[in-house]
Structures are given as C-alpha cells and as structure tokens.
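Only one chain is shown below, in structure tokens, and it's the form predicted on its own.
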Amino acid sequence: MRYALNKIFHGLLLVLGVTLISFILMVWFGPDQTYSLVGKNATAEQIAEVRHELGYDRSFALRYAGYLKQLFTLDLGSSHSSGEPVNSILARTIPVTLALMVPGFVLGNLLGIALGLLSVQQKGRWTDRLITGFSVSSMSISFLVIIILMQVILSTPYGLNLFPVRGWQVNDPGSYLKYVAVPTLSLIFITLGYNTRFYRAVFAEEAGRDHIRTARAYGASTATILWKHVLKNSLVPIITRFMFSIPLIVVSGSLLIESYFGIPGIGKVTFDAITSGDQPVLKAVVGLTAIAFVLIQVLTDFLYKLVDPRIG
C-alpha cells in the first residue's frame, strides 16, 4: 500500500507538471482566438464578450485551474471548426484509432521479441546477420515512404489492388480486415526494425550473464535457456518498451497513418485541428495524452513490482 500511494502521489505531481507546461505553451502563450471568432466589423462589446467566453480576462491561476477542471471532468468544450462537442469527437474517433493501431502495435512487438530471441540464439551466424541487416535497413526508411509503398503495392491498379487505398467503411469483421490490412502492415514494417534491434540488445546482454552460462554447462536445452531464463529475466525492459510505446504509437503513428489513409480517427482529427488552429481539440488531445502517459508510467511501476518483487 505504501508503494502504491507513493507512486500515485508522484504520478499526480507529474500530471500537474506536464499539464502546466502544455497549458503555458498552448493556452497562455497560444494564439489569440478572439478575432477569428468575432469576424469583421465587430463592436468593442462583442469583442469583450468573446474574450470573456474564452477566459482571456481571467488570471493565469484561474485559467490553469479551469484547464485542469476541463481535463479531469472531461468537460472539454466544443470545436471551433465544427461546433461539435469535443467529448463526442473523442468518443467517435478514439475507438477507430484503437481498432486501427492495436493489431500492428501488438504484432510488431511480438515479432520483434521472436526475431530478437532467434537472433541471439543464432548469434554470429548468417541468420543473426540477416536479422540485424533487416533491422538497420527498416530503421533507415521513412515511415512516409513505407506508407506510400504499401499503398502502391497493395492498394492501387499499379500493384496487386487487393485492399482499399483510403477510407474506413467498417461494418463487419471482413470489411474491418480489408481496411486495416495495409495500415497494419505499414506499422509492423516500420516498427519491427526498432523493436527487433532493441529486444536483441536486451536478450544478448541477458544471455551473457553468469547464470546463463551455468545453466548451459549443466546441460539445459536452448529452448529452456531462451524461454525460462533469458525471456523471463528480460521482462522489465520488455514492459518498459511496450508500455512507453503506447502513447507514441497511438498519437504520432495514427496522425500519419490516418492522414494518408483518410481514416477518421484521433490522429486525423488532431492533424485537422493543427492545420485549422482548433484550440479546444488540441487542448483536449495534448492534455489527455499527457495524463495517459503519466498513468501508463504509474501502471508500469506496478508491473515492475509484479514481475520482480525486489524493485522498490
């Protein structure tokens, strides 16, 4: 209980710090929305009324407290572009993004773990060199290039023309698989190199420890050494890699994929909000992402304690 309370307390402090920085950068020093909302030939009374609605006549502390209240009560206001409540925008787009990104994220990590173990097991052989070469090559190719190549090869008449090139008309499992296939393959390809290289380094370090050499000297099989010793003792860095990749993949990865595939998820909404200067949407996305990142960090600490009770 003491460990849990300590982590929660530090998590709350981190939430306050992150939201304070995002508030200062986006809201306090952000663009003045007054004249984009009042239009031309506005009277002084109309301008004052809009500034009051936007909170520009309040102090820094009151505006920051209002920002925190919005985030924690999920009363996020309405989009300046469409007038739709930000809550309904998030409720509509977040499930789409999760359905789009989760398969590629999970498969990319699982394949990275499998290739990392295989590379360590075949260390110094042609298999190890082939996997390492693929990892380096994959890491050197731009995400955007991968997306375009996948679209050309799999989704256009110039290639195999097997899947839709854009859109998200999902009504059943069959249509879901059809629309998610190319984005998933793109995400796997671009993340697999980074994941494989990371996991190989972790497993190689663990495989060189004294207790592994002792187990091998006592005749333990390769499978036992890899699964029971190397993989099990590498759970802490695996959890770290997996958990801290979630906000990055969901936000930045979905922003690029959804923009190029025309998928109406949180990434495309964020991209549209950036281009149009829709501050309520940006405030909600950045603030909630910061809170999610801190919550993931706290959860990661609990998972550390679960897999290794010695961690305090």
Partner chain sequence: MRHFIRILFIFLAVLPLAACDRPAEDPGPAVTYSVYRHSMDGAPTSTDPAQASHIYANFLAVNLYDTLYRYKYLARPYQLEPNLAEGLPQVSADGLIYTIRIKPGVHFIDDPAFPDGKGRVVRAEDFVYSIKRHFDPKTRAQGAWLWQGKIVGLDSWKENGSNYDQEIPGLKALDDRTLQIQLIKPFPQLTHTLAQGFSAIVSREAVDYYGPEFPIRPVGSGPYRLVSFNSASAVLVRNERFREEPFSLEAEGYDPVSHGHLALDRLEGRVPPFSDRIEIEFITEDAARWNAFLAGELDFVKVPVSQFDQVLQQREPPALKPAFAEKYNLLANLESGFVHTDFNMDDPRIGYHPDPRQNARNQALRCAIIKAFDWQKRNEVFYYGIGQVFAGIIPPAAPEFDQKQDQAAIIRDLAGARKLLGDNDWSADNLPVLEYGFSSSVTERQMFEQFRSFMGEMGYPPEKIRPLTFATYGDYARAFLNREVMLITTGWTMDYPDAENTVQLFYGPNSSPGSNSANYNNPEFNRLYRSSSGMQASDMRTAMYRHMNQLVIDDCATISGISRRLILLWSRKLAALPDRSFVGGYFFRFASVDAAEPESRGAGQ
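Positions refer to the first chain, counted from 1. Please read these numbers as outputs of a predicted model, since none were measured by experiment.
Below, we refer to the form predicted together with the partner chain, which is not included among the displayed structures.
Asks: Though only this chain appears here, would residue 72 touch the partner chain in the predicted complex if you measure heavy atom gaps against 4.5 Å?
Replies: Result no; residue 72 lies far from the partner chain in the predicted complex.
Asks: With the partner left out here, check for me: in the predicted complex, does some heavy atom of residue 66 sit within 4.5 Å of the partner chain?
Replies: Residue-level check for residue 66: no, no contact with the partner chain.
Asks: Does residue 35 reach the partner chain in the predicted complex, with heavy atoms at most 4.5 Å apart?
Replies: It does: once the partner chain is placed as it appears in the predicted complex, residue 35 has a heavy atom within 4.5 Å of it.
Asks: Taking the partner chain as it sits in the predicted complex, is residue 54 in contact with it (heavy atom to heavy atom, 4.5 Å or less)?
Replies: Flag for residue 54 set to yes.
Asks: In the predicted complex, which of the listed residues (118, 170, 185, 226) lies with a heavy atom within 4.5 Å of the partner chain?
Replies: Spelling it out, the residue with a heavy atom inside the cut-off is 170.
Asks: With the partner chain taken in the predicted complex, which residues across 66 to 85 come within 4.5 angstroms through any non-hydrogen atom?
Replies: Those in contact are 78, 80, 81, 82, 83, 84, 85.
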